[in-house]
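In the structure tokens that follow, a single protein chain appears in two forms: structure 1, then structure 2.
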Structure 1
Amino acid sequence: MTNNTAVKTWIDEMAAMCQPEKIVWIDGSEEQLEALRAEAVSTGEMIKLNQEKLPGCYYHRTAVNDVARVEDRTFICTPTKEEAGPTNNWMAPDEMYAKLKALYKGSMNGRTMYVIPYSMGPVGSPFSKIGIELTDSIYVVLNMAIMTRVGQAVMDQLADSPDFVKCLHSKKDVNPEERYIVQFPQDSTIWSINSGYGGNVLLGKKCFALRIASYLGMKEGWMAEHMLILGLENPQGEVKYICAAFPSACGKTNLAMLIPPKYLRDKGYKVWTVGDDISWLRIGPDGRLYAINPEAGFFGVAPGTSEKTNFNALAATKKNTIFTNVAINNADNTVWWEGLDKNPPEDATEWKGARVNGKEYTAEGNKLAHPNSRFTAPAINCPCISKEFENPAGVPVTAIVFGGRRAKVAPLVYQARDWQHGVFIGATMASETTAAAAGAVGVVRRDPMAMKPFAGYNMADYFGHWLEMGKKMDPEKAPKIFHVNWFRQDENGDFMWPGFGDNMRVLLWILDRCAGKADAVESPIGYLPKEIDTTDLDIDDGVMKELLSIDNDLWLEDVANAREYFAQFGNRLPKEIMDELNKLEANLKK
């Protein structure tokens, strides 16, 4: 498929190490993918679902010990530890290569090594970058074919250039003790071993499009962010674009595909999805910030996805979709997960593979689907996919929104005073942990810009890069920065804000602010809304007031915590961040 010597030399070297039985290039043709699906079904790697109800859909179950990203086994191997920074695991590149080479030796014995050339971003766009993933897993091939643009067109685009990210994955024997997800940013290299799960193995996604790309962005003057991109169309037909960074399983897919409340739909408001997880951002010749979604599909959280909460995501999963670790409804060989509807199937196969009575099983508090079970759906399936989805020049960004899961402290929405203050707000983000990563769930942790697990270099330098990018933009045209929290809870632990489609009300305030139209009150933390439109919403005035107010004492505790957090960066932390923290503290004490 290629005469590219850099590619050929590298594949030879990797094959000599992993010793596959044969090597197969993925050309991107439907015939080849269909043959691979059939092979995966014949070996039990995938299950073919009901082809009348779910045409082109398949099911895959991972190993029970392999159901989420493993942050404690993820490494950024820069030449020095300081370049990786205190928030990343680090090992010297030589040491890590030596360790991993021993593990990869013969890891593909008796297996096929698939070569997947892929483009992050539309093939040929000036925003786009090329990767080649070598893998011994058909599941990975089929997922990459949904999540990225794969095949011969990508090799043609690469031509004889050595400029591609070298990605090696071997599922080996899925041993969690020897599982490693390793980025070598200086070598544009990713090595992943002993996992078969999502973000650990679909190397175009978090490993390349965030960890390697954030490093490239810092070097080359652009940004790679854990952000959705949506277009909000008003009744006059004008579309404004918003990028939003929330940590894993904190609502990006949902917000990106939001359906506005009826009174707004009736007026003619619409939301269009450009991306649900990752943005690559560049400053255009006009001084504005432009975003593309480097992906071609959605790897979305299944539980909680229903016709009511996210109609568009559910619709996107109705054909050519791969489901991972959800439950199977044996009555008609379809899928089910908690929150899809209120009726767990009586004859179900739960995610680990046991056949159970779903009603009894769930009544005992068990879950049929893993909390981090996912669907891999082609973006073009989404009823609200933006017509700009394939635009190689990207979309202009009007607002950047940060957010997380905070039961307390953070109000529903507030606005940064300026870019520098906005960067500070992103840098101090915190959120309760979720099932998207292995480890405890529900613990508040600092997650700057939702990039704690994904920054490919020192987080302090990353803050500095954000500040620099702000200086390069036309200040009149730079996106305004906001923070939201859909997850504030009352004394009973119930969410105070209805969320989902009603988040549109907050987006409208945000865009009105950007247009200089909505009122705000100055507060110690930034601009709070005077009012959020609650037409047709059954919400108490008192609750609304609480959602839009701040508790100074809680905020002062948060400032102390942030100060402790920032201390780990020492004098590498940009001075502007500390200035903003001191300003916030002074404001709160006034």
Structure 2
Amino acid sequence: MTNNTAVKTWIDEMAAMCQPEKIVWIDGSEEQLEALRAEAVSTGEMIKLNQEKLPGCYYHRTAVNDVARVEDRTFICTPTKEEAGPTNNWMAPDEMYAKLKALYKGSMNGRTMYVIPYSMGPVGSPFSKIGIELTDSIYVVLNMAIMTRVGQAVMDQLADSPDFVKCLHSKKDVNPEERYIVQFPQDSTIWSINSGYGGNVLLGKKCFALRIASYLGMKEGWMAEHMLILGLENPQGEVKYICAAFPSACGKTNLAMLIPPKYLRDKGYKVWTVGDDISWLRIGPDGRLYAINPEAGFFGVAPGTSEKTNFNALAATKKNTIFTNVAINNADNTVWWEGLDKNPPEDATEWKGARVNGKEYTAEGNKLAHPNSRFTAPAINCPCISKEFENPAGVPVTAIVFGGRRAKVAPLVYQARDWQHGVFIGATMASETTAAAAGAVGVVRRDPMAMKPFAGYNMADYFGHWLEMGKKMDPEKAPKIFHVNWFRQDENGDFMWPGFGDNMRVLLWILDRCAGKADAVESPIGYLPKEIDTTDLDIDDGVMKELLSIDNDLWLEDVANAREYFAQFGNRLPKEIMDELNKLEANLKK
């Protein structure tokens, strides 16, 4: 498939270490992928589901000890510990390579090594980057064929260039004690061993598209961010694009595929999904920021996904999808998970493989599907996928939104005063763990820009890169930055804002602010809305006032918490971030 010397030399070295029985190149053809599906079914690696109800869909079960990303086994190996920073696990590259080479030695004995050439982003786009993943798992091949653009076209694009990310994966014996997911940013290399779970082994996803790409972006003057991209179309047919970053369990996928409330649908408002998880952002020749979704599919959490919570995500799973660690409904060989509906199948196979009466099993408090069970679905299946999804030039970004889960502190929405202040807001992003006592505030977990587990270098330098990017944009065209909080609670611990489709009302205020059409009130933390459209909403003025209120004492506590968090970065933290923190504290004390 290639005469590229750099590629061939690298594959020869990896094969000599892993000692596979044979090497198979993935050309991206449907014939080859279909043969691999059949092989995986014959060995039990995959189960073919009901092809009438779920055409092209398959089921996979991981090892019970291998069901999620393992942050404690994930490393950033840079020449110095300071380059990785205090929020990453670090080991010296030479030491890690030596440790891993011993583990990889003979790890593919008797197995096939699959060579997957893949493009993050449309093949040939100026945004796109190429990776090659070597793996001994058909499951990985079939998932990568959904999540990325794979095959010969990628090698044709690479031609004889040595500029590709080198990805090596072996599931070996899935031993959690010897499980490692390691990024070597300076070498554009990712090595993963002893896992078969998607987040650890689909190396184009978080490993490349965020950890390695964030480092490349810092070096090359662009950004790789843990952000959805949505297009909001008004009744006049104009579409504006928003990028938004949220920590887990804050409704990111729901927002990416939002269905407007009936009142706004009837007016002609629509939402188009460009991406649900990752954005790559570059400054265009016109000084504006443009974004692409580097992925080609959705790797979504199944539990909680239903027609009611996320109609579009569920619709995307109806064909050519791989389900992992959900339950099987034995009556018709389809899938089920908690939150899909209220009717667990009576004859079910739960995620670990035991055949059970689902109704009795769940009544005991057991879960039929693992809480982190997944679907891997082609983005093209999504009913609201944007027509700009494959646009190699990306989409122009009007607004950037940060969000967290805060019971009392953050208002429903507020706007940063300028880019620097917006970077500070992103840097102080946090969520709270849910607390048992009603209305009690949980533990604050800082997750700057929702990138804490994914920044491929020192987080303080990452803040600095954001500040630099702001200086390179045309200030008139730079996206305005906002913070939202759908999770404000009243004194009984109940959510005050309806969320889901009604979040559209907040997005419309955000876009009106960007267009200079909406009024705002200056506050110690930034600009607050004078009003949000609540037409047809059962929410009184007092609740809206509370949703947009600021408790200075609670905010001062949050300032102290942020100060403590930033202390770990020492003098590497950009001065601008501390300036903004001090300014916030002074504003709150006035």
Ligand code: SPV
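All values derive from a computational prediction rather than experimental measurement. Sequence positions of structure 1, starting at 1, serve as the residue numbers. Superpose the two forms; the largest set of C-alphas matching within 1.5 Å is the rigid core.
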| query | finding |
| --- | --- |
| Which of the two shown is the form predicted in complex with sulfopyruvate (SPV) | 1 |
| C-alpha of residue 163 moved at least 2 Å between the two structures on rigid core | no |
| CA of residue 495, rigid core aligned, shift of 2 Å or more between the two structures | yes |
| C-alpha of residue 305 off by 2 Å or more between the two structures on rigid core | no |
